[in-house]
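Below you will find one chain, with nothing else, as structure tokens; this is the form predicted alone, and questions on how it binds or moves follow later.
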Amino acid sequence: MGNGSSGLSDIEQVFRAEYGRAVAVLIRHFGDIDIAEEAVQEAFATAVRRWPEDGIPPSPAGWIITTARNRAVDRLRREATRVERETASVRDAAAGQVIAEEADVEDERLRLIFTCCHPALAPAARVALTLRLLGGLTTGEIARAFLVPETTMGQRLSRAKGKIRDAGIPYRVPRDEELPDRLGAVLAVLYLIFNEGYAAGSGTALTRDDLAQEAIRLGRLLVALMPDEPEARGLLALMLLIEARRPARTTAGGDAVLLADQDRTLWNRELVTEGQRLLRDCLRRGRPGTYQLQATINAVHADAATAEGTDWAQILQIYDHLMAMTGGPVVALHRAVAVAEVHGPAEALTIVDGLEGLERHHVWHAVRADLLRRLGREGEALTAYGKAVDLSGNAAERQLLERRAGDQAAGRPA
């Protein structure tokens, strides 16, 4: 054990790093999502009580999994009406079956992802449930990612877990012939986990490195599992190219820095090189997809030594292809940013104002505010900045928007 110096922030780091692993291993062992989740949560509650005094143990994951297993065994012993398979699990666990240090823990997580992405579940539920179980995100964080109320997301998660239980959905990686049909939801899961890590939906810090790294790690595993699938490579390339900008995204004091204002010498060139190599590999296969196109857009940004040197015309062309594939309002919003650089803010504002369903999305208001500012419509820009501030759940991002609103009010260049 440690020397008693462990704090809650250290425990939170362990939670972010190990929650998904612990849940995946316990589901594999007990066959019940609710039992696994509750046991892992109880184990972390115990850690919160004990670790600040005792210190973090040498193997935090093993401690959490073992403690959670014991909690689950105790619960099942108390519930005499459990079905035979759970009674058998109690006997196996009580006999001392070791699960804390399983060598194939990576496969456990992939099994859990594909279980949550079973076709019997609604697409949105597949993504939300995997975010909850693998990423350890709260219901509120997932709700923000889906732009829905928290109560709606809570109901969606409960229904999804019930569907897995009642339908007897198997806990396994699909057979080779099943993988293509299950890939889309898995890729969406990884990208949403990455986005929550790269631009946290809540909290004081702009980023949550652990979630972004977890998404990248799972992305590498998925590429290894499906080496001939270009969209898996495209997503990994996209995450690496975006992650490369992390060192320049905040000041030393933690303030957010916009892409146009970032010191590009701070970008991680190793990640850029790896991302560009992966992108070339998948594009050569001639099967373009949405993640490959998004990665290409970010590769164009990475090629520009300065913000002024960005090839916005090429980026707009790629967005045109992406819109033809998806037609989604979020893609249209980001395309409007490119339109503003190529054709001017007036044309871009017309596009933004014509989008529906993004009124609760702070980025929509922030983009509108910037376009209005560039058009000299100061009062409207200030109002839009205010709405963006109100809707942003991240403190660092909110402070950036407040600074820009203050600059607008004072007549300073944003």
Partner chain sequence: MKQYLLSIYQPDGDPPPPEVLGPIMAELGKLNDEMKAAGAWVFAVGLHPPSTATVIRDRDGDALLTDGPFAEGKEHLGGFTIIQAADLDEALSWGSRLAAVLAPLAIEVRPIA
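Bear in mind that the values here come from a model prediction, so they are computed numbers and not experimental data. Numbering follows the first chain given and starts at 1.
Form predicted in complex with its partner chain: not shown, discussed below.
The closest non-hydrogen atom of Ala307 lies beyond 4.5 Å of its partner chain in the predicted bound form. At a distance threshold of 4.5 angstroms between non-hydrogen atoms, Arg220 is out of contact with its partner chain in the predicted bound form. Within 4.5 Å of any heavy atom of its partner chain in the predicted bound form lies no heavy atom of Pro180. Not displayed here, its partner chain is approached by His118 to within 4.5 Å at the level of heavy atoms in the predicted bound form.
Contact with its partner chain in the predicted bound form, judged as any non-hydrogen atom within 4.5 angstroms, is confined among 324-332, 227-235, 165-173, 292-300 to 165-173. For the stretch 272-302, the set of residues having any non-hydrogen atom within 4.5 angstroms of its partner chain in the predicted bound form is empty. Put simply, Pro329 and Arg159 spread apart in the predicted bound form: their C-alpha atoms are 3 Å or more farther than in the form shown. A change of 3 Å or more separates the two forms for Glu178 and Met325: their C-alpha atoms lie closer together in the predicted bound form.
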